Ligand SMILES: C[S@@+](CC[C@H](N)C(=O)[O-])C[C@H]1O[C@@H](n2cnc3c(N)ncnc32)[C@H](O)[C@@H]1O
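Below sits a lone chain in structure tokens, taken as the form predicted on its own.
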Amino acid sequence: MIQTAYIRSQASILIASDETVGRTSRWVHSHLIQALDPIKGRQLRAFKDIPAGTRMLVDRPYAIIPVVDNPATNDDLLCSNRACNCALRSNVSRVSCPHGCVADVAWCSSTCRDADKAYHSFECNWLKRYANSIRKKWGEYVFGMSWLIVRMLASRHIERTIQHDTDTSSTHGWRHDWCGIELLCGSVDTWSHEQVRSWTLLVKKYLQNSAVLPHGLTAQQVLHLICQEEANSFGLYPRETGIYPCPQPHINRGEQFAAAVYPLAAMANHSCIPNMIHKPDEYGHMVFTASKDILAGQECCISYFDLTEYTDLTSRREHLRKSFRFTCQCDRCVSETPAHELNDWSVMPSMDI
């Protein structure tokens, strides 16, 4: 009989106390635990009953980038200091990169710029050399994906050279350092051969270890990182994702303003009837909240997409297959599947986001 393995260290799994959750902290509810499912892989489960409205998890991004048009004037541009991430209003003075790399890089103050110096130094030359080229030849999406990879590599570089964080890298088994990134699902086997070939070329042209980008990884390791990032990154939106049943009339989650990778939040699997909603706070932390009562032993799931946008079974499945490479088997999808199709599914492993 196939069983889920529960990963428990201690009953208390606080990374920061509830009262001190802030710009530099991560926090996990003590009733939320890690589990390992033989089909889905890593997942989050309730150790004890959790009532609706309970904050479940707060995770700081390992890497985050702004995703906005006209960054020089857009009010949703984020401060580039990863410990700040506040919105840079167009009517407030901004501090730009002294080397003029890209308009997407700016800080809310000289203090934030100076605190971010080592981190930005890792990416600045790369942005100056390749940002315009990637945008022109590959488009904004590929540039954003590449930049997020570079910022993940910057976090890894700083992590290995400077003791900049007072948090430990592992608290009761919750990994939020580079080792946590390495645990993310996703590999070249997950994606189509055509997609992998395209990413391989991207790595060869722009992301290899070099004086411009001194990360020390092989091209294959960077390719693997792209596969993980694409399976696990979050889009950041101004309103909650995963409200179900959907409000009437529909209110969508708004326009995306950033993308980020979260080592802990990425463990949450998808359901089309999620029991958690997620939304970034004003510092770019990803916050999970129970949207309904969750019983002990139940898996804690989010929705990977806006449920007001993909409402019927066909559109949900098609979106998940295209974007996340799996066929959803949540209770909602099973209940909506015609009987003659139940045995014809092409089942793929579920993936974290």
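Residue numbers run from 1 along the displayed sequence. What you are looking at is a predicted structure, and each value in this text was computed from that prediction instead of being measured.
The same protein also has a form predicted together with the ligand, omitted here; what follows describes it.
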(message) Open or blocked? Place the ligand on this chain by superposing the surrounding C-alphas onto its site in the model of the complex, and call it blocked when 3 or more ligand atoms come within 2.4 Å of backbone or C-beta atoms.
(response) blocked
(request) Could you tell me which one of Lys40, His29, Arg26, Arg316 places a heavy atom within 4.5 Å of the ligand in the model of the complex? (result) Lys40
(message) Please tell me which of Val261, Ala268, Leu236, Leu78 lies within 4.5 Å of the ligand in the model of the complex, judged by heavy atoms.
(response) Ala268
(message) Taking a heavy atom within 4.5 Å as contact, would all three of Tyr304, Phe324 and Thr327 count as contacting the ligand in the model of the complex?
(response) yes
(message) At 4.5 Å between heavy atoms, is Ala231 in contact with the ligand in the model of the complex?
(response) yes
(message) Within 4.5 Å, heavy atoms only: does Ala154 come near the ligand in the model of the complex?
(response) no
(request) Considering only heavy atoms, tell me if Val95 and the ligand come within 4.5 Å of each other in the model of the complex. (result) no
(request) Would you check, heavy atoms only and a 4.5 Å threshold, whether Cys185 touches the ligand in the model of the complex? (result) yes
(request) Determine which one of 268-276, 101-109, 241-249, 139-147 lies within 4.5 Å of the ligand in the model of the complex, judging by heavy atom distances; exactly one does. (result) 268-276
